[in-house]
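Encoded as structure tokens, the following chain is the form predicted on its own, with no partner shown.
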């Protein structure tokens, strides 16, 4: 049997197979020549001390113990061309993994996506970056793969109690992701590599008899006697099925409005909101690694920070080392920011959402909108930012230290945000209580991370799409909507996930619940 070891080694040893074998040989008192293979099971960086170490969990094969490299195979998907149909609205991670799970169960997914396929989306992303034109159906949030496709591809999740994280990661590897995501403490695919993986998943769905409809926006949900009957699209076409997974993402405001208009039960949900802060990556490296030069053996440094300020949590969100800031508006007349990194994380800047937790009471000025109060609060800030930035996709910006001093920045250097910036006193974007918390919070951040609070850092506003402002309530045991039979609210848009992995897990679970429901129905009719 291979021997498992927990090691703490230098970056040089971790990066060199021969040095690692030599180190392990000394630990287990065997010659390095006797070590046939070393499998790295887990890897993380410990930068808490001045001397940086790499934590490794390894499996050591020695004395001619056989080693066989693991090959990750796709499940044996069934041909479901003539099987019972299940509508899946939304081709983000929740919808895609729901569709794959339905195929495993012998059911035919009809996957409906308002946006374009991954390649078609690129033209619309260029339009928003260069021409400041927002396509309401195809943008950084809408289209094949959802927001995650062009939002970094971070696969770390704390939601491990929700389901089998390893299964999702292994499926990603089987579809072409690097096996490193199974090892690294904070796995990441990269915006440049995700599109091909997403495309391969779609092609598998079609190959197995599933149906994928792009540029098809749902405009109505057909309900009779509190049971789902199907959907109507913007083309006036009806697609019928009595089981439907609603996985539209956290930005599908028209779907929230549709549900509210049809008196299908939804409720306001708290979320977090703030700014996206950009630093030179070299500065974050020097803070986190306590060095003047990072070198090639360490990855660009991330950071994670949380503070309690004014009775609220203020924290970093979706931190992107070696990444860029992107314009993520989904409608004309609003400005929204987000961040992403390529697989190598080799850009010169680091960015992170710095957000504050909101409370339902914050939405009281919008109480007349009922369950959509949080959404309207969110929308008002995005629209205000658009006006302040000259009614373009330029973003209101301010140097961080200037912001804490309530001082308009005389100049804003070029940042990674392609549409450009407009120097604004950030207090004009946010309600007074949020502005005050942000100012105090950045001062506190600066005490914890020496060098973080600096005018080299540029704040971009707002970071507002951290999670859905609406929850679509469902039964915790069946995942079915509390009011409408056959409707399965799913993923981030329904308020039950936060990121690619948890959304994918939720999609699979909804599919499994549908399979279980149909099996019970079949058993009861026998």
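Not measured: the values here are computed from a predicted model. Numbering follows the first chain given and starts at 1.
This next part talks about the form predicted together with a small molecule, which is not shown.
Q: Heavy atoms within 4.5 Å of the small molecule in the predicted bound form: does residue 132 have any?
A: Heavy-atom contact with the small molecule at 4.5 Å: absent for residue 132.
Q: Would you please decide whether residue 142 lies within 4.5 angstroms of the small molecule in the predicted bound form, comparing each non-hydrogen atom pair?
A: Contact with the small molecule, yes.
Q: So in the predicted bound form, is the small molecule close enough to residue 499 to count as touching (4.5 Å, heavy atoms)?
A: Result yes; residue 499 sits at the interface with the small molecule in the predicted bound form.
Q: Would you check, heavy atoms only and a 4.5 Å threshold, whether residue 147 touches the small molecule in the predicted bound form?
A: The answer is yes: residue 147 has a heavy atom within 4.5 Å of the small molecule.
Q: Ok, 354, 434, 255, 412: which has a heavy atom sitting within 4.5 Å of the small molecule in the predicted bound form?
A: Comparing distances to the small molecule in the predicted bound form, the residue within 4.5 Å is 255.
Q: Though the small molecule is not shown, can you say which of 372, 301, 389, 112 has a heavy atom within 4.5 Å of it in the predicted bound form?
A: After the contact test, the surviving option is 112.
Q: Of the listed stretches (214-222, 286-294, 441-449, 418-426), which one has a non-hydrogen atom within 4.5 Å of the small molecule in the predicted bound form?
A: Careful reading of the contacts points to 214-222.
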